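Next up is one chain by itself, shown in structure tokens, the form predicted alone.
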């Protein structure tokens, strides 16, 4: 009977630690933040209810965007090698082939109108420090023209499969300009020296971020980095909820590929422990019976 009392005490202490102390410590170290906002309602400079005209959007994109941006899916290659683009702008401008698919419509429209405000980088790029963001504001465009551009980008964006290959495409489009993922053989398109100068620090390799940060943290951080890391150089990139899930899924597929196997094995480990504990108890009783 003594053994069961000891076991009960151990279970109680473990339960208090796991369900009481650990959550409290986590709440102190990681205070609760507002849920991720995938509607980006804080930026409202453009009326996104306007119906875009794809044909006019194509004309506007070709007149204003392809001097800096590649759009491979529309037959517009990059005008400069990555190294030259990074030297000119600080970071390689993104290929816009997938922009209409991975970015929220409201965010994308307001990003075109004013990139710095949409990305929450006012503290870094403002008139007081004399530092300008590489992409200019297109606030001289009418809301209708901006929505025409968005409609065109959405129309050319290719669909991708909901599998590891598709998730990789989304990851590269959303994160691949700045972040390496060595475990997947992905190297940032922007040279590291340019990145360090542009960002103020070298962006981390994301191979193991799913483990070091965790899925819950990443959902909030990717949606708006400034909420969790005030002053960080990483901008709010404006991904849709689906695109963000694909990015995190790919990080998990690369950095924690054994997760499903590990979780399915857990029940067998628990069963083994229970059987072993029972056998140990029976063995102990037998030994003590002989002693008495």
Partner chain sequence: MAEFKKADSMLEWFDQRLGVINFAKVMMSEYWIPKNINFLWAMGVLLTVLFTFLVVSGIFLLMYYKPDANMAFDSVNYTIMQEVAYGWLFRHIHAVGASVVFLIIYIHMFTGIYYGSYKKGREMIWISGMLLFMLFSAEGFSGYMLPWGQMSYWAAYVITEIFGGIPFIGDELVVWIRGNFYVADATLTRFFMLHVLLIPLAIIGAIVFHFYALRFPHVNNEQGEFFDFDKESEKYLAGDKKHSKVIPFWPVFLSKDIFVLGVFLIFFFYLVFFHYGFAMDPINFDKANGLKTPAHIYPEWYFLWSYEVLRGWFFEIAGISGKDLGLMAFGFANIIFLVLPWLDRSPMVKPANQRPYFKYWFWLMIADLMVLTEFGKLPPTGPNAWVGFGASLVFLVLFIALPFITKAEAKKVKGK
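Think of the rigid core as the biggest set of C-alphas that the two forms share within 1.5 Å after superposition. Positions refer to the first chain, counted from 1. Everything quoted here is computed from the prediction, not taken from an experiment.
Below, we refer to the form predicted in complex with the partner chain, which is not included among the displayed structures.
Only one of 61, 234, 70, 254 comes within 4.5 Å of the partner chain in the model of the complex through a heavy atom, and that residue is 254. When the partner chain is considered in the model of the complex, residue 129 lies well away from it, no heavy atom lying within 4.5 Å. Although the partner is absent here, residue 76 sits far enough away that none of its heavy atoms falls within 4.5 Å of the partner chain in the model of the complex.
At a distance threshold of 4.5 angstroms between non-hydrogen atoms, residue 266 is in contact with the partner chain in the model of the complex. Contact annotation: residue 212 falls within 4.5 Å of the partner chain in the model of the complex, judged by heavy atom distances. Heavy atoms within 4.5 Å of the partner chain in the model of the complex are found in one stretch of 154-162, 117-125, 78-86, 177-185, which is 177-185. With contact defined as any non-hydrogen atom lying within 4.5 angstroms of the partner chain in the model of the complex, the contacting residues in 261-289 are 261, 262, 263, 265, 266, 267, 269, 270, 273, 274, 276, 277, 280, 281, 283, 284, 287, 288, 289, given in sequence order.
Superposed on the core, the two forms differ at residue 266: its CA moves 2 Å or more between the shown form and the other one.
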